[in-house]
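The chain below stands alone, shown as structure tokens; this is the form predicted alone.
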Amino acid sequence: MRYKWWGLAFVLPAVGFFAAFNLFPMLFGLYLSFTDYDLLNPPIWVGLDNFFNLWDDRLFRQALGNTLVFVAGATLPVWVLSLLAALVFDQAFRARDWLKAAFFLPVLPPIAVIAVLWRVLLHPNGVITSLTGGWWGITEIRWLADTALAPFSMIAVHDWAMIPFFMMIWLAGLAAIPPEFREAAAIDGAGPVRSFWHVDLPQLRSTAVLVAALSSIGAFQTFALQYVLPNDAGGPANSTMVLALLVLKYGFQYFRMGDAAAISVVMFGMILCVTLGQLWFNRRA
């Protein structure tokens, strides 16, 4: 019994830190979502009014649509391309480790640094325009100033930075597959494609759920790219305005903390539903 109390004593600082900087802000934010609060006057309880008002808010609906488009572009391609990269680097070839290290480099800088770098590369007359438009004589492409191109530019930059990270997770999953399974499949006459489909992929189910959960959560919480990459945060014309950026705008520009907290609760609910759905699918499979 004495050792039990000693264990609790060692854990207590970590629990206190979590409660002070994670649990309390979450509960306080939930409370603020039911209030009208402008940071100057005491919060006024309004019940569910903030949530009902969101559905009539044009900017919220636009941010929600932008977020869902970004999530779709920042998850499905990342899953497929990171898995393909992992399958390539899972093979033995010359200079594999050096190429793997070079491929992993985009993961190392903070996302804000990556956004600044790509802001230079995506200049209307910059390197990317020269590489893509030079064949047709196009000298200027407004990657970040066009309402149709800007959202897809965000997705492309995000995927470029995240694919190497998830590739390493897939590689860990591939390394955990017993080699006897592949040897047995080869003896039975299975080629590389059939061996992957019937041996590797079923063994990667838990890894796939982890990749799906992490990428989905990160995509729903995207903020830095949309804040740093365009000339105007969320621009042009709010075409890259996402929910996390709208929380900042409503909370600290318009001083509508109740609405900002309500948007945060909606984001939390969406992330929770997606994660629970992925876990349910994993158990059913």
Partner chain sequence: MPIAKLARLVAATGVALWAGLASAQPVTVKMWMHEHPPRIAIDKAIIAEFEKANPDIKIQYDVISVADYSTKLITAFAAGSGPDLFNNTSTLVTQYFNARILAPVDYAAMGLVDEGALLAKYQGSGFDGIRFQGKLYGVPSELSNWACFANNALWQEAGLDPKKDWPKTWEALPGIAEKLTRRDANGVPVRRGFDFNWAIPGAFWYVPNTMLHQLGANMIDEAAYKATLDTPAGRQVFQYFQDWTGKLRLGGPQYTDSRTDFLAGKLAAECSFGVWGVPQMEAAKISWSVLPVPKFAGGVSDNGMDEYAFYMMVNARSPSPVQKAAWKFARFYTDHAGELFAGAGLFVPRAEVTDSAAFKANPAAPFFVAELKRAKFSPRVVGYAQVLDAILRGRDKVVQGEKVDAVVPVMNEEVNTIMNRERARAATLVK
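Just so it is clear, the model here is predicted, and its values are computed rather than measured. Residue numbers count along the first chain shown, from 1.
Not pictured, yet referred to below: the form predicted together with the partner chain.
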Answer with one of Arg194, Arg96, His123, Arg182: the residue that has a non-hydrogen atom within 4.5 Å of the partner chain in the predicted complex. His123
Counting non-hydrogen atoms within 4.5 angstroms of the partner chain in the predicted complex, say which of Val71, Ile169, Ala208, Ala145 makes the cut. Ala145
Since the chain is shown here on its own, which stretch among 63-71, 24-32, 235-243, 213-221 would lie within 4.5 Å of the partner chain in the predicted complex, judged by heavy atoms? 235-243
Is Val228 close enough to touch the partner chain in the predicted complex, meaning at least one heavy atom pair within 4.5 Å? no
Find out whether any non-hydrogen atom of Ile138 is located within 4.5 angstroms of the partner chain in the predicted complex, and reply yes or no. yes
Would you please decide whether Phe51 lies within 4.5 angstroms of the partner chain in the predicted complex, comparing each non-hydrogen atom pair? no
Quick one: does Pro42 come within 4.5 Å of the partner chain in the predicted complex, counting heavy atoms only? yes
Would you give me the residues of 224-258 that have any heavy atom within 4.5 Å of the partner chain in the predicted complex, in order from first to last? Asn231, Asp232, Pro236, Ala237, Asn238, Lys249, Phe252, Gln253, Tyr254, Phe255, Arg256
